[in-house]
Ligand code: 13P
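Below you will find one chain, with nothing else, as structure tokens; this is the form predicted alone, and questions on how it binds or moves follow later.
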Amino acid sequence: MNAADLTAVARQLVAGDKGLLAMDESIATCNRRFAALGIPQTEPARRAWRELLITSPRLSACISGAILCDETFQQSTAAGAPFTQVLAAAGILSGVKVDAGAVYLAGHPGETVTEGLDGLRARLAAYVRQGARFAKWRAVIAVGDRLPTLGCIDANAHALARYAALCQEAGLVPIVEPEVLMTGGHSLSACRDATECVLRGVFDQLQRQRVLLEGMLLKPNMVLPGLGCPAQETVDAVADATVDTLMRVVPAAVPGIVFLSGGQSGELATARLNAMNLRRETRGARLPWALSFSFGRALQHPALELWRGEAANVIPSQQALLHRAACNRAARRGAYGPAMDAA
């Protein structure tokens, strides 16, 4: 894939007020969510759940791409159709999570670095042959006493940039995900400072590794106080802090920013995304990049609670997924309101 093709796919993923369905949680994470609801923690149950998601009618009206983990990428429907083909037939691009997870960073207590670069070139080529159009790599950054350190930021930024360069070499649009975690008691201002420092490091490394900014997407956290912080800011305060931070550090060449939900409830993540997109109107300035969503739990959780592993619950579960997706599409236009969920 050449530069023009990479740019076209990146733009397609954020076009039409659509967003991404993140269904790339690890097997362990998926099993924990299943266990909490009494669902068997087995490959057939995970396959059935993911088939429910990707076969939801009219999903492509709100979703442009789906991020899969390796297990999901290799799975097929009960009728034998590969998931990637089902998504393509619906007009949804397939993406795949390619990192190998976070491990403790030597010499940096309380911090991690994401691994998975070894053998990545060959794995990306195989995913391309199977129909992948984009990929994702997640770095995890903790906020705390004297955290994050520059060593942790540099290590993760370098890995993200090398991954992104390898993706573009293979013809895949890289989604770059540096997540500043919500866990902890830090303030909104501490999250803002950490997020700005992390993003500066990431874009410095992306440029050093000659990554085409027009052919990638950024998947950051929203700027939020930690879950343990007594001062939980308003939706508008979060929107202002997030947009202001992004304006300072994200180059205009990047086509889109697709936020992660990071443990927020579906309604709150949608409301905050909506408030950010309203900033275009209230501040009288057009943002240089699309502000979209790449939500996992914030899209899936209501549907999963309804499904609970029962075939009889498939249709209402799919309706719950489509409702949350429609709310987030409205938020991209600044048109979401609590009444949409009350109804």
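Only a predicted model underlies this, so the values are computations on that prediction, with no experimental measurement involved. Residue indices: 1-based, along the sequence shown.
Note that the form predicted together with the named molecule isn't included here; everything after this is about it.
Shown alone here, residue 138 lies within 4.5 Å of the named molecule in the predicted bound form, counting heavy atoms only.
For residue 261, a non-hydrogen atom is located within 4.5 Å of the named molecule in the predicted bound form, even though that partner is not displayed. Residue contact check for residue 302: none of its heavy atoms lie within 4.5 Å of the named molecule in the predicted bound form. Taking non-hydrogen atoms only, residue 297 approaches the named molecule to within 4.5 angstroms in the predicted bound form. Proximity to the named molecule in the predicted bound form, defined as a heavy atom within 4.5 Å, singles out one entry of 327, 13, 22, 321, which is 22.
Listed stretches are 205-213, 240-248, 253-261, 106-114; the contact stretch with the named molecule in the predicted bound form is 253-261, by a heavy atom cutoff of 4.5 Å.
Of all the residues from 205-219, the single one having a non-hydrogen atom no more than 4.5 Å from the named molecule in the predicted bound form is 219.
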